[in-house]
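Consider the single chain below, provided in structure tokens and representing the form predicted on its own.
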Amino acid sequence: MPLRRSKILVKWIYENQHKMQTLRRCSSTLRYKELEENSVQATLEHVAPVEAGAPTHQPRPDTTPDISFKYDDLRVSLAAPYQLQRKPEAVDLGFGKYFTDHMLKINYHTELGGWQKPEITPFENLSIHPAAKALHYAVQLFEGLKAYRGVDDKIRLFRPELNMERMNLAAKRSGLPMFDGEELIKCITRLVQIDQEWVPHSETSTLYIRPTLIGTEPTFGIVAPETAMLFAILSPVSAYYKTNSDGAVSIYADPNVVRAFPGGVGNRKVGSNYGPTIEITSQASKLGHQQVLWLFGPNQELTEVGAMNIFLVYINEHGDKQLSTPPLNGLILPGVTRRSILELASQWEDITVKEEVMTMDRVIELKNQGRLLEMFGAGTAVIITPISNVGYLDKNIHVPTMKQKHAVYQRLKDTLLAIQYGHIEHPYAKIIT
């Protein structure tokens, strides 16, 4: 198609997309020509009917949810040589500073029948209307998972189906369109395959995958948007944040601030859970701590630490070593790493695993009785990070995590890394290349 015709068609589509319910059922060149001719009419009232004999779209059977995009419809446009980015050295990566050469984009338009065809394009900036609901009402959500290059040079994903399940739950709560998680996994897999040389050849670095869903409808008003965009970008990463000299972090617990509350969205991965934490995290940093331990309620229940799930290891009333974490009561994110830790540790005979409400008074009691052994945070970005100190009110609670001869956190971390990097075969790991 000549360049001029293409520009006219694109302009017409964006100006008349609200009238295009029948347009997507035809892809013939004759139809494009008719649209071009009609586009010069300033007062176009409707889309002309499809000519007899023109090819029509035959919808495939849909899986839950009722309407979803399909991997089979994926279109790929590879970056030109001049668009390719220089790959950084592993030691320079940091977290989320560099991005790969391609991205995945999938648009949603209610008037066009819902989800449109997914496409992989060269990495580019997004064009978004200033009135988009994502910008004004935080109608957006995201996920985080990783691709690992194993010892066999194969690339693996870690339990991506759980990320898709969580993403759909957040979409439902946010009034955004749901989708078939398996179809998105296939699309993301293809994206990673295209940019596979960006997956670090190192067991201290990974390729972080960030699927994001935003409401793009350019109107004011707090209602479910009729247009949305799902996109995924890739970033090679190393450590999420720096630790102390002993390899652990110090956390700060302030009972005057909360991250989530009952009936809220603390259990959903939406941006509005994270932006408001910046100020208190900055204050914690000035006091010498790396993260914030989020408390809730008059009993000061432990919920999360930074963007991680929190775990304690202690000697219980029966004299057994116990691994505990707060229950999924709506206040915390159902972490993929959290779930994996509970499932793996439950198979070990030398430790008791329990989900239970834990309070600061309980932590102090265990510490004073000499029964508190370890504390650590867990999440996709950090895997497992040991905690050696809790700043609380006017005191520091020192946790002997790094003094344990056979630390539970290290055993769990070694097991997870062995699965993710292919040292052992395990159903949690999905090989994609």
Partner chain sequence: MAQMMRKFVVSNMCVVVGLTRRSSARSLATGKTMPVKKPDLPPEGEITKSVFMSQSTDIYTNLAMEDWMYRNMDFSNHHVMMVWRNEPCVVIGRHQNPWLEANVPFLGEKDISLARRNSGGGTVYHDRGNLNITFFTHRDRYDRKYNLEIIKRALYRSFGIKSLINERQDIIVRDKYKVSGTAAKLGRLSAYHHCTLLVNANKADLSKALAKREHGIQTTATPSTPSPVANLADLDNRVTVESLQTAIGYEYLRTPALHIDDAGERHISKQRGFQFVNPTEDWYPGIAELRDELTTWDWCFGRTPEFTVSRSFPVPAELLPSKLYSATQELIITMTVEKGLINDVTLNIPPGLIESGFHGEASVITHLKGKRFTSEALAALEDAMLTRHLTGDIRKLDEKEQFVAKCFDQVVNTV
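Predicted, not measured: the structure shown is a model, and the values here were computed from it. Positions refer to the first chain, counted from 1.
There is another form of this protein, the form predicted in complex with the partner chain, and it is not shown here; the text below is about that form.
Just one of E226, D101, E301, D254 comes within 4.5 Å of the partner chain in the predicted complex, counting any heavy atom, and that one is D101. When the partner chain is considered in the predicted complex, only one residue from L135, L342, I351, A79 comes within 4.5 Å through any heavy atom, namely A79. Taking the partner from elsewhere, Q85 is found to have a heavy atom lying within 4.5 Å of the partner chain in the predicted complex.
Taking the partner from elsewhere, Y148 is found to have every heavy atom lying beyond 4.5 Å of the partner chain in the predicted complex.
The partner chain is not drawn, but in the predicted complex it has a heavy atom within 4.5 Å of H201. F231 falls outside the set of residues with a heavy atom inside 4.5 Å of the partner chain in the predicted complex. For the candidate spot formed by E197, E425 and I431, every residue has a non-hydrogen atom within 4.5 angstroms of the partner chain in the predicted complex.
Note on the interface: of 327-335, 169-177, 87-95, 109-117, the segment with non-hydrogen atoms within 4.5 angstroms of the partner chain in the predicted complex is 87-95. The partner is not shown here, but in the predicted complex the stretch 129-164 reaches within 4.5 angstroms of the partner chain through a heavy atom at D153 alone.
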